[in-house]
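Next up: just one chain, as structure tokens, the form predicted alone.
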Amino acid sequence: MSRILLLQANPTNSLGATIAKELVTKLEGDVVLRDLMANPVPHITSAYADAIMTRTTTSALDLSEQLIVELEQTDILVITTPVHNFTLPSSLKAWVDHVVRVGRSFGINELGEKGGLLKDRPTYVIVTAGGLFGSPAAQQPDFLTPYMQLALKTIGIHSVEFIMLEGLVMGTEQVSKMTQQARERIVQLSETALTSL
């Protein structure tokens, strides 16, 4: 049975969290939940930065190591996140800062190019937004999805699918539409994932 890491940056009672639970149920794996709302990952410290710059192993990297190992031990990654001011919330960014670590989850070659050191795995990012941000009618830029694609690619995760739930403050009809579309999408994605594992 596959092992799934559910990284939750949405409140537990949100639509994003609900869709994430439905997805992991369809993926039929053992779920490890890391709730970044209930138990936020602390932002990196000057001691962490010093350890990175000097390439030394200190206790300042203990949490980073724990989070990277937690990711390495899973076959599937599911992330649920809201859009906060055009991009990801700081709770998810803090997780990224600990996991995207030079010399551990990615390396740099002589040309300065970064290459992931972790294995690829099916990854699903469920994104919720009050306004429109991913559709042609969007009136705001989307910095979240390209950032998450690049951050995950940097550590070796290329198989990333996004499930968008947008316009959620535009009324119950829009919420119902997004919910239905997301449920149809997770059926397709889960079937594909189960045949590829």
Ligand SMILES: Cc1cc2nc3c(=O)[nH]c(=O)nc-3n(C[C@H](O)[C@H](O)[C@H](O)COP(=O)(O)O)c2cc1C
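For every residue, the number given is its place in the sequence shown, counted from 1. Every value quoted in this text rests on a predicted model; they were computed, and no experiment measured them.
The same protein also has a form predicted together with the ligand, omitted here; what follows describes it.
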{"query": "Answer range among 67-75, 111-119, 97-105, 81-89 for contact with the ligand, defined in the model of the complex as heavy atoms within 4.5 Å", "finding": "81-89"}
{"query": "In the model of the complex, the one of A51, I44, V31, L168 near the ligand [non-hydrogen atom within 4.5 angstroms]", "finding": "L168"}
{"query": "A151 within 4.5 Å of the ligand in the model of the complex, heavy atoms", "finding": "no"}
{"query": "Exercise: Q140 in contact with the ligand in the model of the complex, heavy atom 4.5 Å", "finding": "yes"}
{"query": "Contact test in the model of the complex: L189 vs the ligand, heavy atoms, 4.5 Å", "finding": "no"}
{"query": "Distance check, P146 to the ligand in the model of the complex, heavy atom within 4.5 Å", "finding": "no"}
{"query": "Residues of 41-75 having any heavy atom within 4.5 Å of the ligand in the model of the complex, listed in sequence order", "finding": "none"}
